[in-house]
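In structure tokens, one chain follows: the form predicted alone.
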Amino acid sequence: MIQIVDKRQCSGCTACEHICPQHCIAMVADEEAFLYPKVDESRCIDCGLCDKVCPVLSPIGQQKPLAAYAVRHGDADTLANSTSGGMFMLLAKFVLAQQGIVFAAKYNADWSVSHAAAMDEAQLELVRGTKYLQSELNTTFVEIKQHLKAGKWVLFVGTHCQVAGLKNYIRRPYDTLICVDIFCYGVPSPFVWQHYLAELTQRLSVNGDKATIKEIKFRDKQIGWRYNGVKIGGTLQPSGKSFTLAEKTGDNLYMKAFLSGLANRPICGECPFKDHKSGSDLSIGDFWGIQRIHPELDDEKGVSAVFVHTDKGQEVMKQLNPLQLIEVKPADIYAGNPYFLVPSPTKPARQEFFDALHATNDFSKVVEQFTKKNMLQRVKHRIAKLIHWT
């Protein structure tokens, strides 16, 4: 029977919930709004299936990459609206062309994030783009298994832990299942996200007009791919006036909390799925540092980095038709993405940060307090940036 004694041992992947033949496991939110399994022990029959599918207790093991690539989509509009080089859209449209289904993260009406199925290009628009939040999987694993049994192609895109959970839940290979994990720094707390949105909405509401958010876009390329920003747009009611908030990623308060290691799920600081241990067919992310290897691609439009882990993944790559597909060394990708190999650090003051958020509605003040750098930290940060980009 699955029991979460240490929250650093649970990614919230939902595999245990859906494998249970008694349906006695429910995913319940804690005070940070992260979901953890809770067992109704009165109905449990001690079959042990929940432990067997848990990707933490039953790890998949490491897969050394068969190949690594730099990839760029050939359509200018697709590239402009993609987080990096458009690799997701290449894969998604390939699967849709097979009459398949794409599962990826989308925003809900309250700007929380959950996985959803896309079966056409209109639905695909809802699940594209980076969303810095842990998505709720709900019944995604069950739906995927049903589609696979019906002979459908399925593309699942998620974090390392979500892919590992799906692979353990499925428990057998399917030729029509493509699992893709995204380069992941960690998954921030939905509680922190909603706290940020509540303060932002209040701050934007002026002169009796209430702000309603209509669009949220992380990694907006208006100022360039490398120095991307956060764009939030909406309307003021009842006046009907529109507003747009555009900030550099490093200046956005929510992103400050995320990137500083304050807001992530407890397991992220010890993530056991790093270094090619998710069981994915492909891993995709940003090709940071491409200017050192292929300076001809250094034009701020974005480049995807891709690791291929399986023969199936390699076969899929052959079916795609990107503008650029350049084979590189894995080390070329690692150089700009060190947290693909190792977990991102958790800030020692993480618990104090959450305690402070629970005690006040002043999100800005709390984030600034806990992300303030002293002089030594600022110097180290500047040196690290120089090393990273030279």
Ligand SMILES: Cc1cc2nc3c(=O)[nH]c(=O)nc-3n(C[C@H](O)[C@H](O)[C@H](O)COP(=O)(O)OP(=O)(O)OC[C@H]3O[C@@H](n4cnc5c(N)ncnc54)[C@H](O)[C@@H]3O)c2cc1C
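This structure is a prediction, so every number in the text was calculated from the model and none was measured. The numbering used is simple: start at 1 and walk along the sequence shown.
From this point on, the text means the form predicted in complex with this ligand, which you will not see here.
Proximity to this ligand in the predicted complex, taken as a non-hydrogen atom within 4.5 angstroms, holds for one residue of Ile232, Cys184, Val316, Leu253, which is Cys184. The contact with this ligand in the predicted complex, taken as any heavy atom within 4.5 Å, belongs to Val127 out of Leu236, Ile293, Val127, Val308. The stretch from 154-162, 170-178, 243-251, 139-147 that comes within 4.5 Å of this ligand in the predicted complex, counting heavy atoms only, is 154-162.
When contacts are judged by a 4.5 Å heavy atom cut-off, Leu166 does not count as touching this ligand in the predicted complex.
Contact annotation for Lys277: none of its heavy atoms lies within 4.5 Å of this ligand in the predicted complex. In the predicted complex, this ligand stays beyond 4.5 Å of every heavy atom belonging to Ala263. Although the partner is absent here, Asp281 is not a contact residue: none of its heavy atoms lies within 4.5 angstroms of this ligand in the predicted complex. Across the proposed site, Thr83, Ala105 and Asp286 without exception bring a heavy atom within 4.5 Å of this ligand in the predicted complex. Within 4.5 angstroms of this ligand in the predicted complex, the stretch 88-102 places a non-hydrogen atom from Phe88 alone.
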